[in-house]
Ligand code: SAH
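Take a look at this single chain in structure tokens; it is the form predicted on its own.
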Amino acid sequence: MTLLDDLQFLLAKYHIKPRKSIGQCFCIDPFLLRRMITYSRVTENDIIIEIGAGFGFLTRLLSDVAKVVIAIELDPTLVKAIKEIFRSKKNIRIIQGNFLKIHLPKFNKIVANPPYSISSNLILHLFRLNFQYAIMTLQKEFVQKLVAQKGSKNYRSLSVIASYSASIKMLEDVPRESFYPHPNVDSTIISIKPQKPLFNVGDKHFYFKMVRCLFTHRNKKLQNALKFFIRNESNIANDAIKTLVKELPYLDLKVYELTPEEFGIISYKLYSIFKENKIILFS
């Protein structure tokens, strides 16, 4: 029997119809799942988080090599199913809930095929967690934005924040036929390794907020985008804003032409000015 045969049997047994509207797809490629195990270099000492366990095809493989697998699944019907499927497995812990909201137990690695509908929020959430590295399959188009460089059409605030927060590598592309139901997009396996910041931004929260705001004006010159950001984030008068902006570098570049490091230089200088002059920042 193939994984697709197994999946169709389980769908019928538990009366589940995949909800494509929320991106509910199941991996049916056993070779892909085994490659994810290889990429993750799981050992008997590892405690693994899996996001979106489905029927546990990846969960089972992880449990064969890991110390503990913490399988997180939002769908209560699927949770009921995998609790029954793995009732005799002592090293699998199943949690029903939203990964973005629940309190996580201690872990050191993430291996998962998470729902694509939460990709942006998921990545930003990961940057706040403490772990060694993650191996995940995500939508190919989203991954291209995640690793995009300055000047490219895919370059976004997320690209900048990701570059600051982690080392991210594209490992391999995955065809949509590896999943059932077939999604409308192809996928990519990536590795994410959190890293210490490579440059000083003054204040990380301020940096992230500034980058997100500036990219709402990605095609404008930096000087114009900065005026909008400062006006919305402080109590500075318009005349003072013009004077302040003149002290900053790269003003004639467009927002999408700046590197993460250059955003960092701007953030550091601007935050320092605010702090030195005791300028009130809106939260």
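Numbers for residues come from their place in the sequence shown, where the first is 1. None of the values given here were measured: they were computed from a predicted structure.
There is another form of the same protein, the form predicted together with S-adenosyl-L-homocysteine; it is not shown, and what comes next is about it.
In the predicted complex, the residue from V201, I192, I72, I161 that sits within 4.5 Å of S-adenosyl-L-homocysteine by heavy atoms
It is I72 that has a heavy atom within 4.5 Å of the partner.
Proximity to S-adenosyl-L-homocysteine in the predicted complex, single hit among I168, V185, I118, L171 (heavy atom within 4.5 Å):
Spelling it out, the residue with a heavy atom inside the cut-off is I118.
Given that S-adenosyl-L-homocysteine is not shown alongside this chain, does A53 nevertheless sit within 4.5 Å of it in the predicted complex, heavy atom to heavy atom?
So A53 counts as contacting S-adenosyl-L-homocysteine.
I'd like to know if F99 sits close to S-adenosyl-L-homocysteine in the predicted complex, meaning any non-hydrogen atom pair within 4.5 angstroms.
Yes, F99 lies within 4.5 Å of S-adenosyl-L-homocysteine in the predicted complex.
In the predicted complex, F26 touching S-adenosyl-L-homocysteine (heavy atom, 4.5 Å):
Taking the distances in the predicted complex, the answer for F26 is yes, it comes within 4.5 Å of S-adenosyl-L-homocysteine.
Any chance A81 has a heavy atom within 4.5 Å of S-adenosyl-L-homocysteine in the predicted complex?
A81: no, not in contact with S-adenosyl-L-homocysteine in the predicted complex.
Going by heavy atoms within 4.5 Å, which of 246-254, 228-236, 45-53, 60-68 lines up against S-adenosyl-L-homocysteine in the predicted complex?
Contact criterion met by 45-53 only.
Give, in sequence order, every residue of 217-250 that has a heavy atom within 4.5 Å of S-adenosyl-L-homocysteine in the predicted complex, or say none if there are no such residues.
Contacting residues: none.
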